[in-house]
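Below, in structure tokens: the form predicted on its own, a single chain.
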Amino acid sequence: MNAAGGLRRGLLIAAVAWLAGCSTDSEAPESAAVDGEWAYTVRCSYCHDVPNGIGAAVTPGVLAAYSTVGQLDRYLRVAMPHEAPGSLPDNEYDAILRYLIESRAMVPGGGDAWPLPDSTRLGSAAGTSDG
């Protein structure tokens, strides 16, 4: 195989791997528990956690701009993932929302009682700009 053929094969493999991560064809059943960190890594990090990604870094400040858990949840379901908005199963959206809130300490007290009410304010669990 020449260098060009090897490059094409490598690009094809990379494209297939990327598509496999974005595909919703082989989802777990809607009722199955989903690990939020896994779902975020597979569904979101390729845009949000890479240099020059098309999405904003998902910082506490970015999340707090949505004000409440309900507003952030609605945004995720309507606008994400970028290439196929609204395409994830509910259990994945739920897991990603929980992961984002918990991993970035966005709710005072850690937001232990899930699901959190839609009216729960997003802010720093350390007490800054919680309003």
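Here the structure is a predicted model, which is why all the values come from computation and not from measurement. Residue numbers run from 1 along the displayed sequence.
Keep in mind the form predicted together with a small molecule is missing from the figure; the text below concerns it.
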Interface residue in the predicted complex among V69, V34, M106, M80, criterion: non-hydrogen atom within 4.5 angstroms of the small molecule
M80
Contact between I54 and the small molecule in the predicted complex at 4.5 Å, heavy atoms?
yes
Look up in the predicted complex whether I101 has a non-hydrogen atom within 4.5 angstroms of the small molecule, and give yes or no.
no
Is W38 close enough to touch the small molecule in the predicted complex, meaning at least one heavy atom pair within 4.5 Å?
no
Contact test in the predicted complex: L76 vs the small molecule, heavy atoms, 4.5 Å:
yes
